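Only one chain comes next, encoded as structure tokens, the form predicted alone.
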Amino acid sequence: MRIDIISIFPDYLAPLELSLLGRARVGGLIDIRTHDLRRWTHDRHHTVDDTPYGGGAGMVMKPEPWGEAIDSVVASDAPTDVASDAPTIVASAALTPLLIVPSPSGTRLTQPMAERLAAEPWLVLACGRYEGIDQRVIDHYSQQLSVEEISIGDFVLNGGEVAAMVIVEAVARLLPGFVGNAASLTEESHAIGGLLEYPVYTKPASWRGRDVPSVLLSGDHGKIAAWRHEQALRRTAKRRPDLLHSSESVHLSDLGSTLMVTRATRADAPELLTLQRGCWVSEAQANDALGIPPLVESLADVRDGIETWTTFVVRAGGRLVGSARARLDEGCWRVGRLMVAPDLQGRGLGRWLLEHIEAQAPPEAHTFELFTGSRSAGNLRRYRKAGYRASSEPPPEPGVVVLRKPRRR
């Protein structure tokens, strides 16, 4: 692969000579060439910028030096037709570079994008400064080359050099032969599955009172793989829930360690109303009870419930996918509205929610209580498995089963 980088500070790119990238350059795996934009200026001050049309702060990089620089770099391996003031580049597909302009207004760099760029034979990176490069440069070359504006994040840098180095390293390390152990590329953040990487450990097995997880010392590669996958899911859900599809995020066995579980606020009421109506339809059908409160409550009722109950909501990728609530009544922690979005049921989230809401009980609570429909066989089975048993007291209304279990300290 060949990479040309144009900058007014080519010395800024000296780190590209170091480490694995420097070794790859010496070994001929990658050909990186840096170019000083000021070579293509024609005044004694080597001017590359001017004030912006329309006014405003800052300076804009002039189109003339950029046009000459890009033409010259591309022409080094491809013939050009210079019969007009706006040369048209004529090159075979194999010799036509992809022009990349690092910019905070560009498309965000991702691992899949890096993989796509790694398949290109030739990249040219144009490192802008100040307020950026005159838009006409990008528009002009978009008619002759493939041009992409790329951002490395939602922030602004002084120039494109740092971003260019990030892009180069993200791309170069994917080239065959760049990394000694190619398998390591499949077990890192944003690789297969798009998850963040699981925590890693090395010797010694114990350090400052902290031990390596026992599963990693077990020698059971199946259990190790399962543990690593779960840890990757957990870390991704906590730090980058936007990377997860909601059906993946709820595979976690301990959502309590993520930022997805929060106390409900009144702003959650509209989504809670929608969720509870979707969740209680099957209950109403099973128990022939279309008038059960979750199906007939108003938005105001749901808001009042948030105020009077300790209510938690679970979000996956921004979507509200589960909730549970409880309140103390004469030493009894009464659990209610335990619900999971219908498309995500059967994945363990309901069981976790029950454990989570139980854990919120104040010290004076000595009993847990909840109720469900007498014909809700699935619920009865799940609650029995969780330690609940039918109460001998009469139910508050026909068709309801009251379930209780003592709190274990």
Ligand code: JQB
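Since the model is a prediction, treat every value here as computed from it, not as a measurement. Residues carry their position along the shown sequence, with the first being 1.
Keep in mind that the form predicted in complex with the ligand is missing from the display, and what follows is about it.
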query	finding
Segment that reaches the ligand in the model of the complex - one of 322-330, 298-306, 196-204, 145-153, heavy atoms within 4.5 Å	145-153
Exercise: Gly336 in contact with the ligand in the model of the complex, heavy atom 4.5 Å	no
4.5 angstroms heavy atom contact with the ligand in the model of the complex for Pro294	no
4.5 Å heavy atom contact, Tyr130 and the ligand in the model of the complex	yes
Contact label in the model of the complex: Asn158 to the ligand, heavy atom within 4.5 Å	yes
Position in contact with the ligand when the complex is considered in the model of the complex, options Val261, Val73, Val171, Ala163, heavy atoms within 4.5 Å	Ala163
Listed residue (Gln276, Thr311, Ser103, Thr96) with a non-hydrogen atom within 4.5 angstroms of the ligand in the model of the complex	Ser103
